[in-house]
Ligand SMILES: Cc1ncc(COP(=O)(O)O)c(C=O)c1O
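For reference, the chain that follows is the form predicted alone, supplied as structure tokens.
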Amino acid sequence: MATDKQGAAYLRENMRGLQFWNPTTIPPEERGKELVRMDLNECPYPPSPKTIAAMQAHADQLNRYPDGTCPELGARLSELNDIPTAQICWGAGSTQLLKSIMEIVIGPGQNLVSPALLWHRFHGAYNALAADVTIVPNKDDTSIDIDGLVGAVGNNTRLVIAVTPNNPTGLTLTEAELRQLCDETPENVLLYVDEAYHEFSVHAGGLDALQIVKERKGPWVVSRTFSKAYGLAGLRLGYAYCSSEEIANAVRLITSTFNVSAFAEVGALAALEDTEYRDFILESNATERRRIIDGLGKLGCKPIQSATNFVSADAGCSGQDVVKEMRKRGVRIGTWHDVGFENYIRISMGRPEDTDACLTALEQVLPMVRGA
């Protein structure tokens, strides 16, 4: 079949010639080796023993399809946040939920407004759906420009996106900023706020975005996940609170009936109830976050005061080169994917021994890369 220079002609134009990148890949040279994983914003601790026990107890029921509406978990989340269960929907992480929201809101030629700096998978979702996207640059301190977001809304805009705390910056919106976003986003535009790092933000003294967003007059969605503070990244369970049952039903129709695994509800429900273990994760994370921020500062970097389970910093040299040299020493950290921020690195929080290994390796690597 004929193809053009950009790829196969039978593919949609925006899907031609793309390269797939998988951040979880372990290359052959690293397989079987002991690695310090501080690159994927994962929880360094396993799920709580109660969570593991609950999933093990459910294993003999895997011959049955799961109830993708998660009725027990939905009822508990409804009770915690005073949102009707009919307005709570589920997805395999917040990225799937974002993609589903885009599919039910954005039509051909319609617009969405987004900050420039946010998790790059969001930008991948924009590309996959060929959305008309207005990108709003972040402020000089890397925080989200609320004036810029609401100012970019036009007659054809159907969706405004914000993330708090944000990835890769780790910064949260202030209450005043979030209220402005809710008030000034027109009532015929859906406001989508991702709160994947919600628990870390509240623990650090930040706001509970849902409690503010749900006062908004116009339509809204707030997404969260069990991947981070509950140590369940491998379970793949995100959820969204919606301003109406109509929005939630549209998301349910656009996703697979069985997109939530049989283990998901029992595991997440047990994790949600084990508040003592969650608090252990949050306290441990806060301790190691402070150690990383202080350590980066002593090494001549400029760390951002994150409220999450990762810290980003201007390393003063090529972030890619730092990452490469760190991996030679068995420590995996991340970098940014944004033009103008090539010197930035991102470090996920680990156990105390991971922090030790990371800072020791950085002490060797940074002078070498800067000198080169």
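Please read these numbers as outputs of a predicted model, since none were measured by experiment. The first residue of the shown sequence is 1; numbering continues from there.
There is also a form predicted together with the ligand; it is not shown, and the following applies to it.
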Q. The ligand in the predicted complex: within 4.5 Å of a heavy atom of each of Trp119, Val163 and Ser227?
A. yes
Q: Classify Ala196 as contacting or not contacting the ligand in the predicted complex by the rule of any non-hydrogen atom within 4.5 angstroms, answering yes or no.
A: yes
Q. Does the ligand get within 4.5 angstroms of any non-hydrogen atom of Thr95 in the predicted complex?
A. yes
Q: Please run the contact check for Thr185 against the ligand in the predicted complex: heavy atoms, 4.5 angstroms, yes or no?
A: no
Q) Taking the shortest heavy atom distance, is Arg236 within 4.5 Å of the ligand in the predicted complex? A) yes
Q) Can you say which of 219-227, 251-259, 149-157, 100-108 gets within 4.5 Å of the ligand in the predicted complex, counting heavy atoms only? A) 219-227
Q: Note which of Gln87, Asn167, Ser114, Ser201 lies within 4.5 Å of the ligand in the predicted complex, where distance is taken over heavy atoms; exactly one does.
A: Asn167
